[in-house]
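Before any questions on how it binds or moves, here is one chain, the form predicted on its own, in C-alpha cells.
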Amino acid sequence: MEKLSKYLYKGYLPTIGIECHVQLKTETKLFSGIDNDARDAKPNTLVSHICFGLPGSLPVLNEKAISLAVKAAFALNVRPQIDSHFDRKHYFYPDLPKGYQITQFEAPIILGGNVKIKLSDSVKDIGITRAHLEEDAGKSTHKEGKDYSLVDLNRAGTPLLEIVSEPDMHSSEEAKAYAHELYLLMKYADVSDANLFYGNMRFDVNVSVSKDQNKLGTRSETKNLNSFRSVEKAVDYEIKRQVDLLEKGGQIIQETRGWNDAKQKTFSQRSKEEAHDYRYFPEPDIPPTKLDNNFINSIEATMPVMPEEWRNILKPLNLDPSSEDLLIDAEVEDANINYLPVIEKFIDSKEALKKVTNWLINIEIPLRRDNPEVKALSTKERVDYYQKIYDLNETGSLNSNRAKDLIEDILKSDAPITDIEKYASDKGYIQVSDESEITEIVRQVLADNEKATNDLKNGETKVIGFLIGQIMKQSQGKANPAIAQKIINQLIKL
C-alpha cells in the first residue's frame, strides 16, 4: 500500500483528480455534418440548425467519434463498453443555445482503465473512473472593461471525450506527469491532435486537503487549464490556499475556480453544481449505442505501438531519462516525422542501434526543432541514410565529427541523395586512409611543431592529441586519426 505520509503538507494530505476534455480528431461535429476544425474560422460560421437547437432539428451520431473513443479505451488499457447511451444535461448559459448538452452520464462508453506515470523516483498507476462522449459548448469572450460578452458557436457540437481520473494523485508532480502522459496516449493513439494551444485538450483539476487520510476534504475544481505547467502550478497554489485557509479557521467551499496565469493563482468563479442540478435524463433523439465485438477487435488490431511499449524497446539502450523522454515526446511533435520506427529498424544490431539513436537525439531532433523548414523525409529514406552513414563510420571512412556534419547536410539538402558514399566523398567528408598521403601530412606537422615533437620524443605522450588535431586541421578533417597516430608512433619510434 502506498505510503501517504510523504505527501503531507503541514499535516494535511492533498488529493487530486483530473477531468480532461479531449477533442476528437473527426472531420465533422458529433451530431451534424459541420466542419470540426474551427481554428481559423470566423466566429459563428461553422454552425447549423442542430448547433442552434432549432425546433425540429435531429442529431445524428458521428460513427468516427465512436471509433476514436474505442481507440482511446485501448490507450487507457481497457476495452470499451458494449452498451452505452447519451443523456441530456441541462444548464443555462449564453454559449449553450439548446439549454442542454448531449453527453453520456448513466452509461459511458469507457469504464475503468489506468495511466502509468513516470516520476522522478518511481512509477505509479493512476486509475481511470470513466470516459464519456459529449458535445462541446460554444465559447464566450468577456472583454475587459466592457459590459457585454461575445458568443462564438463554432465549437458548439465539437466531439469531446471527457476522461475522469480516480483521485489517486497527491502532489503537483503526479498531476503534471499524469496530464503529460495522457497527452502522449491520445497523440500516439491518433485519437486527437491534442494541441493544447487550440484547446484540443483541457484539464479540470480537482484538489482537496484533509488531516484524516481516510476521508476526503471539500474539493475545488480549477477549470480549463491548457498546459502541463499550469496544471502543476494550479495544484501547488490550491494546496497552499486551502491549507492556509483551514489553519486560520476558515472553511473550504465546493466551487469552480479559474486560473490566472499572469498572477499564477486561482480565483473563484461560481459555486459547484451537483449532478441533480443538471436534471439528467436519457437523450430521446439518439438511440442507445451497441458495439459489435468484431468492430472493437478490428480497431484493437490497428492500435499503434504506445509510449510504454516504446520505453520497453528503448530499455536495453540504458538511455538517461531526459534522452528517453526526448525521443518519446519528439515522436508526436511533428506528424510528418517518425523517430522511433527508425530506431526499430536497427533493433537487431546493438552497436548500430546505439549509434543511430545517439544521432537522432543529438543531431536530427535538435536540428528539426531549430529549423522547422527542414524537409520531411520518410522513415525508409532515413533508415537507408543512417545505415550507409553507420557503415562508413564503422569502416573508418567517416569519423564521428564528419558523420555529424554529413547528417546535417543531408537533412538540409533540397534534393534526394541516391548515393551517400559518393555524396560524402564529393563534399569532402570521407577520411583519407592512404598511408603514404597521411605520412606526408604527419611529417609536415612534426616539422612545424618542433617543441611538441621533442616533448613526444622525451615521453610526453599527452601532446599526441595536440599533434593529431594539427594533422586533422591540415588535412581539413579528412585524415584518418587512427592511421595518423600509428604513423606518428612509427616516425617517433615510440
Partner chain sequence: MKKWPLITTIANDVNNSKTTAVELVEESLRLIDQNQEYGAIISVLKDKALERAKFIDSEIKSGKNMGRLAGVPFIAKDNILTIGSETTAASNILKGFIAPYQSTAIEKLESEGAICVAKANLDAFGHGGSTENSDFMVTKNPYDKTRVAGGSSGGSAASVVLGLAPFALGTDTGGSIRQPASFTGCIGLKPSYGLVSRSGVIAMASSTDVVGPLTANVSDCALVLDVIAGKDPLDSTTIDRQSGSYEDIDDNIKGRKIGLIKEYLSDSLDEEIKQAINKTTLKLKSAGAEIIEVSIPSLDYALAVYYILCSAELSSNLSRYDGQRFGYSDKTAVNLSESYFKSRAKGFGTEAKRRIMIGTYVLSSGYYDAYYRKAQLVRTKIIQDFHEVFKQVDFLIGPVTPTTAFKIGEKSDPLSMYLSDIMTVGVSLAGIPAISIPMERENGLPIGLQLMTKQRKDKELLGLARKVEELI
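Positions refer to the first chain, counted from 1. Everything numeric in this text was worked out from a predicted model, so none of it was measured.
The same protein also exists as the form predicted together with the partner chain; that form is not shown, yet it is the one meant from here on.
Note that among 233 to 241, 98 to 106, 334 to 342, 123 to 131, the stretch whose heavy atoms approach the partner chain to within 4.5 Å in the predicted bound form is 98 to 106. R279 is the sole member of K315, K350, R279, K412 with a non-hydrogen atom within 4.5 Å of the partner chain in the predicted bound form. A single residue from the set T439, N449, S425, S57 has any heavy atom within 4.5 angstroms of the partner chain in the predicted bound form; that residue is S57. Residue contact check for G250: none of its heavy atoms lie within 4.5 Å of the partner chain in the predicted bound form. The closest non-hydrogen atom of P284 lies within 4.5 Å of the partner chain in the predicted bound form. Interface membership of L153, defined by any non-hydrogen atom within 4.5 Å of the partner chain in the predicted bound form, is confirmed. Looking at Y93, you'd find a heavy atom of it within 4.5 angstroms of the partner chain in the predicted bound form.
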